[in-house]
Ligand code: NAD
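Take a look at this single chain in structure tokens; it is the form predicted alone.
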């Protein structure tokens, strides 16, 4: 503590107005948006609270020290040793509502790009090739979308896809009430049914011991040969080697990945496959999502540190 004020380390980019919210809450803020992993590991115990995004791992290397609260400004928590910190009495939060709209919209954009060959067409045109008659796409309307994990982002994807005119299938370990599913024209089904009937499969589960590599060779072979896979959740949910084989051997028509088992990915063989659209984990990279995440994180900190 410094003069009785709670000390907060914001070790990631943060909205200026949200920072001012913390300062108005009588909180001492150390804003270090470019902090390295080594720097974080050395100093995190000196603070009452810590804010990070997904680029830094937070582990109790030196116990908890003064630390009381960790906030992940974003959806995932797999970069934070949640159970270990909670055993030490440290509260861990995230801001999943903040990024749902942005990630959901990216999914729809990737589906359209896959369906219309946008990535291939643009790359060819930049090389001076005119592929107008070599690319025949398809509409999303009337097709079946399978959503694996029907949380906040899955709901956004379903909302947009339903408006486009898609049939929605949902797989989740949580059983959803029929009235909620009807809002999106959705049907909750088994994973097997979803994979076998969907023209597009979009992944939205958190990364856990149960979901790691949940889509492997057996699941990919169960999909239609004309189907597309979109993963904007976590790279390890899809078996990357199995996906390479699926794309090269035609088990599925194509895929779009915003997440990888290693980031940045070093598997150039995967990235060079023509029917893959790779993007560098940009799902939450919108001005709106980053602003919402900052304000939600600031609100959590003021509540937990000041009791208001």
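Values in this document were obtained by computation on a predicted structure and should not be read as measured data. Residue numbers count along the first chain shown, from 1.
Only in words, not in the display: the form predicted together with ligand NAD, which the text now covers.
The candidate stretches are 277-285, 245-253, 62-70, 38-46, and the one lying within 4.5 Å of ligand NAD in the predicted complex by heavy atoms is 277-285. When contacts are defined as a non-hydrogen atom within 4.5 Å, none of 111, 143 and 165 contacts ligand NAD in the predicted complex. A heavy atom within 4.5 Å of ligand NAD in the predicted complex is found for exactly one of 195, 229, 233, 186: 233. Out of the listed residues 85, 119, 171, 93, 171 is the one that sits within 4.5 Å of ligand NAD in the predicted complex by at least one heavy atom.
Contact annotation for residue 259: at least one heavy atom lies within 4.5 Å of ligand NAD in the predicted complex. Contact between residue 152 and ligand NAD in the predicted complex is found at the 4.5 Å heavy atom cutoff. In the predicted complex, residue 220 stays away from ligand NAD, with no heavy atom inside 4.5 Å. Residue contact with ligand NAD in the predicted complex: residue 210 places a heavy atom within 4.5 Å of it. In the predicted complex, ligand NAD lies within 4.5 angstroms of at least one heavy atom of each of the following residues of 86-111: 96, 99, 103, in sequence order.
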